[in-house]
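The form predicted on its own is given below as one chain in structure tokens.
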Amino acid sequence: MENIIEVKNLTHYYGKRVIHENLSFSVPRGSIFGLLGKNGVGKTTLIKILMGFLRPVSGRCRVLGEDSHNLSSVARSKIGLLFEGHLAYEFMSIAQIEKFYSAYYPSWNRDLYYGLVDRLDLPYDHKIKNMSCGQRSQVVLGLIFAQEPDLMILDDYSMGLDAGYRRLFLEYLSEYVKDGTKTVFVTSHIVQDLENLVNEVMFLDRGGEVLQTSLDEFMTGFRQFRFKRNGSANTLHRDDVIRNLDITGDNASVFSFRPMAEVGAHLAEMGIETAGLEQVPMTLEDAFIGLTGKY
């Protein structure tokens, strides 16, 4: 399967702070690829590198078959980018900005733009500067869909959107990739939105640690085990078996990629009493927090 994005041994620092170190991953055509991580782990930095706005310290990054720091105008016209804050030309109206953008994209689909923007129930001469944050977001998302890009890069699309419009947007996004030729690379702080959307997921952690897997493999392979808290639970610590832990009230939870029998035996070897040990079902948001921690 052809890869739309290929990253090899990507390393980047801000001063002495490691953002990415020897990061390698690929995004196949036709996939919806979710990038998850807490604030400050380098999600936006990675998107800047993918778009050629920032040159990494070392490593290689290719997008649509071209070096990311030297993307041609043809390649850029095939990328729909939503980047940090839903920027738009605020002095323009709904109709003016559509006409302006349409000149730059050969596959422009006017109906897609107005299909989303008409839901604002605003006249076409309404100025963007007089819109709420959420309304501006809807205009920008309409502009991105109208481009009919081969690759859509969405850096936290949910800013300012209410629950209903987020649901509508996700429906549009699912339809957008249905034919298998379009690709989406998406980040979101609303993790539950991605649970029924993404095929592949990559988790970034502080210091450059990475986990890439299919969503199905992650949700079936990463587990939470809970037991009644007792004095011995105070000696719990992370290791090769216990990926993370959480002690709240009378309950202790451990998170692991190992099966329950192995985790129970490991805890027993540590001298920890595990009365009532049970596996707890998790949503993607639960699993994300279990993997990366609450803080």
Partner chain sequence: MLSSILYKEWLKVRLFWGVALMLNIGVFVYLFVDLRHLFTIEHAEMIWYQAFKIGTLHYAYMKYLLVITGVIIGAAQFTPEMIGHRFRLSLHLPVRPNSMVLCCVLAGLLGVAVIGMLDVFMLYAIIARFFPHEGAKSALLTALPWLFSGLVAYLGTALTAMEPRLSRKFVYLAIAGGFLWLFYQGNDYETYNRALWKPALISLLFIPSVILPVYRYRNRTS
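Positions refer to the first chain, counted from 1. What you see is a predicted model; the values in this text were computed from it and never measured.
There is another form of the same protein, the form predicted together with its partner chain; it is not shown, and what comes next is about it.
*Asks:* Would its partner chain be touched by all three of Leu116, Tyr124 and Asp156 in the predicted bound form, meaning a heavy atom each within 4.5 Å?
*Replies:* No, none of the three is in contact.
*Asks:* Considering non-hydrogen atoms and a 4.5 Å limit, does its partner chain approach Thr235 in the predicted bound form?
*Replies:* Contact with its partner chain, no.
*Asks:* Quick check on Lys99: any heavy atom within 4.5 Å of its partner chain in the predicted bound form?
*Replies:* Contact check for Lys99: yes, within 4.5 Å of its partner chain in the predicted bound form.
*Asks:* So in the predicted bound form, is its partner chain close enough to Met219 to count as touching (4.5 Å, heavy atoms)?
*Replies:* Residue-level check for Met219: no, no contact with its partner chain.
*Asks:* Can Arg55 be called a contact residue for its partner chain in the predicted bound form at 4.5 Å between heavy atoms?
*Replies:* Yes.
*Asks:* Determine which one of 261 to 269, 30 to 38, 63 to 71, 245 to 253 lies within 4.5 Å of its partner chain in the predicted bound form, judging by heavy atom distances; exactly one does.
*Replies:* The contacting stretch is 63 to 71.
*Asks:* Just give me the single entry in His189, Arg206, Arg76, Arg166 that has a non-hydrogen atom within 4.5 angstroms of its partner chain in the predicted bound form.
*Replies:* Only one option qualifies, and that one is Arg76.
*Asks:* At 4.5 Å, heavy atom to heavy atom, what parts of 14 to 52 sit next to its partner chain in the predicted bound form? List them in sequence order, or say none.
*Replies:* In sequence order, Tyr14, Lys48, Met51, Gly52 come within 4.5 Å of the partner.
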